[in-house]
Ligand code: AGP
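Single chain ahead, by itself, as structure tokens, in the form predicted alone.
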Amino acid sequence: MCGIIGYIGYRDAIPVLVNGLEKLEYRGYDSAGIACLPHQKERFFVIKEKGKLSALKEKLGDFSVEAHLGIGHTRWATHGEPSRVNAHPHIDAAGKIALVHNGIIENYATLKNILQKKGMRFLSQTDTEVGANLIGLHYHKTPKLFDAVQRAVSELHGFFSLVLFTKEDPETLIAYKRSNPLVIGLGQRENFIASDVTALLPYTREVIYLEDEDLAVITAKEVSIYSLKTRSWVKRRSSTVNWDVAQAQKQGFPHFMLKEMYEQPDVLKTILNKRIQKNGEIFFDTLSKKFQTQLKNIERVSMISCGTAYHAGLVGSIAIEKYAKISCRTQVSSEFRYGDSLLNKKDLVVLITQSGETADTLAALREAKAKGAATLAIVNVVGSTIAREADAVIYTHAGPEIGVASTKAYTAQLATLLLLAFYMAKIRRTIADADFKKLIKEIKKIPQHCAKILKEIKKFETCAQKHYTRRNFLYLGRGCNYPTALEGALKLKEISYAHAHGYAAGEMKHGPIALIDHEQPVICIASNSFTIDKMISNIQEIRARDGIVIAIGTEGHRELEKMADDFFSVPAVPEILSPILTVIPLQFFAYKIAVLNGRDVDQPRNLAKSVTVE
């Protein structure tokens, strides 16, 4: 969850650290801090502040420090409340080691008790300080920090990453990865390390993604990596990041979320241009011939994901069953990993994650592989852990998504999963050529449909202004737009803090109808579909109980427009493609409600972009 940045080189370290933390603040914003070793000084320079990065930047304005080595951290609190004392970096009891940490040390309480019995005093409530002191204890016994870290991590249980240095060796950073992401940025006479490539883009696009149990020694001139798995020095291949620095900036928009909503037509166009060939066939360049053959023989599919990606998986599951004629279920990762799924080599497990580092989804991947299932990752971040460990990967090419509430990554996942479903149908010969060609023709129009919706979206602003003070909302949808109801409700909860619940509209009479009154808006996703008449009946039942109806429907549906208190139309498309369109007004509705309530849209309370702890 937390964000880590480290630098060593010829530049002034503090601006690099602060700039990196600005790019990483979406990973946590309970507190922030930096530690560096000023030139020709023997003491660490450490500044930590509770709250957002702005508080740290204000404090730093009082100091003038020259340093060429340093680490920084932005925190999402796990152990210990947000406070200055619990903020990272942490210094060991001997005052020799500065450390930042992302993840959880599960046996920290046991280790803390042992260390306290040895006379060590602790200042914070964090598991991080335990890690710093354990490394410090081993460092007291060995002259090399590298050896001390190697010994300490063998005693630490859990999933985490560490970056640290000692004041006794101001030319070296040490980094360790176990599940939680770390990526090294390669420069000329300088090197970097961070939790995410977005922090590195202003300086380099040449990166090395560390693998689990990698212990890296980083100087300004070189990077050496030792694998604790193989007990040997290894070479990790570098990659070139094709994201643009501008993609990780607001470019005049008030919020990243709004910018990323408006990027959706271009993202979808990129995906379709990359995946659909001139002859109309679907092509996945990252799928080997062997894996494509496996797809022909798969008997069952499981979609595994969390949060917004789970909703994409629900749509993908409907599409695979409808077109590829394979039994498909969707589960949240945290339930799958602790269940006892009956998997074998005839199963395909599809893991959907924007970051490729989601802790529960990574654990689910490893569980699926252990049971012999084929695994396919649908991932945005190239080189991420899940992308590397799955049998195959399809990248969504959404570019960096900084807003915590997902928008463009979601529609990119939808488009990718739909193309996968159509592709599987074609290679398994479960779809007629004419139907396949029609779907390809229609999906190629989706980017221009999205652009049209975004041009007209401000029509929905008046609706948001009418309802932004309300605290309860109900979202209803059917078929492939039931997941859209779930996603719309999640967006509103995430960024406005209003209570919102998504339901399958057919379930309304099984409980939710009791909630309907003249105070609670009901958002009905009612685009053209196989069940549109049923949806209209649901809306009539809401109206009969004096409910407030906000409807998302297909252009030209006059009856629905007359029924609704507020109506927003989307272009007519085949039903299976409609979730890409119907979600956009709901993204905007949630955004405006949040803005009108003065919420921090990009950094909603208690949330972080990448969930790398359970």
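A quick note: this is a predicted structure, and the numbers were derived from the prediction, not measured. One-based numbering along the sequence shown.
Beyond the structure shown, there is the form predicted in complex with ligand AGP, which is absent from this document and is the topic of what follows.
What stretch, of 347-355, 108-116, 388-396, 448-456, brings heavy atoms to within 4.5 Å of ligand AGP in the model of the complex?
Of the stretches listed, the one contacting the partner is 347-355.
Among Ile208, Leu201, Leu490, Ala425, which has at least one heavy atom within 4.5 Å of ligand AGP in the model of the complex?
None of the others qualify; the residue that does is Leu490.
Please pick, from Gly307, Pro521, Pro265, Gly383, the one residue with any non-hydrogen atom lying within 4.5 angstroms of ligand AGP in the model of the complex.
Residue within 4.5 Å of the partner: Gly307.
Is ligand AGP close enough to Ala405, Gln413 and Glu494 in the model of the complex that each of the three has a heavy atom within 4.5 Å of it?
All of them do, each having a heavy atom within 4.5 Å of the partner.
Closer or farther: the CA pair Trp76/Ala409 in the model of the complex, versus this form, with a change of 3 Å or more?
Result: closer.
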